[in-house]
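Form predicted on its own, single chain, as structure tokens, below.
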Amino acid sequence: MKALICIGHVPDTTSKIKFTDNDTKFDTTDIKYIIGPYEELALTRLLDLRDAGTDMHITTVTVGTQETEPTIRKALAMGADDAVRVNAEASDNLFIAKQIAEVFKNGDYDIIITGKESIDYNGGQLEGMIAEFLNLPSVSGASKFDIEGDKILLEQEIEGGTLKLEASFPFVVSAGKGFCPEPEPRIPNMRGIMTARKKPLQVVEPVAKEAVTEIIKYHLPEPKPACKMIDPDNVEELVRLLHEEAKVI
């Protein structure tokens, strides 16, 4: 089985975000980039299944410029077999989905796995778009993932319970919370780090696809107002503030 897993190149959550070019671009100065957490746990799940005996070749795919390669190499150090980088800026989701779909078609893969959402834009759109380009079935935000023979066993959290699903290859799935039973992703060991330098990383040029969205401007959330302390006996003042300032009653 050949698995294609999408690896996001996203800012670490501890990074202090700033903008440049009249607030139209991220200021990447001193920003540490990481694999998206959902993708990292999804990769860990694939590695665990392979270690348990599933015959699986794991390829990562990333749409990004050369600056994304250290992140890709970390995925290889974790245990992925090889990687593909589409040499383009990852700006528009439809454009990204088209590139990944083309990689899938050209590589004769059996399954595509994405993260539920990226932690920079939180769009949650990629899996559905890829599936549409490939005319394949898909499941969003799977909370459990297993492979038994030629079947994929999935669970998805729904209102009031859990939906159990069974699917066949080829298939597209996005990994949500619980996709990997382990709470923490696999940490590359020294041997993995050393071998990652020699693993194949193929760079391909993007196919033509017009972007349908444009970033006009970024802005940071408004700072939280100072906390006001009210005497517990002064109920009238509390009600006034909730009504006039907080406007919640």
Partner chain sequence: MAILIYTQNYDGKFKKSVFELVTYGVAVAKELGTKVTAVTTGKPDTEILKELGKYGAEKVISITNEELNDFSAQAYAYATEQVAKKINADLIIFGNNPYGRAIAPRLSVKLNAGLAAGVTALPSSVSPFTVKKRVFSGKAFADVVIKSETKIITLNQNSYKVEENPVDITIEEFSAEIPEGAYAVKPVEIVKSSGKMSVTDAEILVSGGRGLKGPENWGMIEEMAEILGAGTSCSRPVSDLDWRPHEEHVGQTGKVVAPNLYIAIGISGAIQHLAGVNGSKVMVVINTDPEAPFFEAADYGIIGDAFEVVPKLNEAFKKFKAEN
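Not measured: the values here are computed from a predicted model. If you superpose the two forms and keep the largest set of C-alpha atoms that fall within 1.5 Å, you have the rigid core. Residue numbers count along the first chain shown, from 1.
One more form of this protein should be noted, the form predicted together with the partner chain, which is absent from this view; the next part is about it.
Across the options 125-133, 68-76, 82-90, 103-111, residues that bring heavy atoms within 4.5 Å of the partner chain in the predicted complex belong to 125-133. Think of it this way: in the predicted complex, the partner chain has a heavy atom of just one of 224, 191, 197, 32 within 4.5 Å, and the residue is 224. Proximity of residue 171 to the partner chain in the predicted complex falls within the 4.5 Å heavy atom cutoff.
Contact annotation for residue 211: at least one heavy atom lies within 4.5 Å of the partner chain in the predicted complex. At the 4.5 Å threshold, heavy atoms of residue 20 stay clear of the partner chain in the predicted complex, well away from it. Of the heavy atoms in residue 120, some are within 4.5 Å of the partner chain in the predicted complex. In this stretch, 47-62, not one residue has a heavy atom within 4.5 Å of the partner chain in the predicted complex; the partner itself is omitted from this view. Core-superposed comparison between this form and the one not shown: the Cα of residue 185 travels 2 Å or more.
In this overlay on the rigid core, residue 12 has a C-alpha that sits less than 2 Å away from its partner position between this form and the one not shown. In contrast to the form presented, in the predicted complex the C-alpha positions of residue 244 and residue 219 spread farther apart by 3 Å or more.
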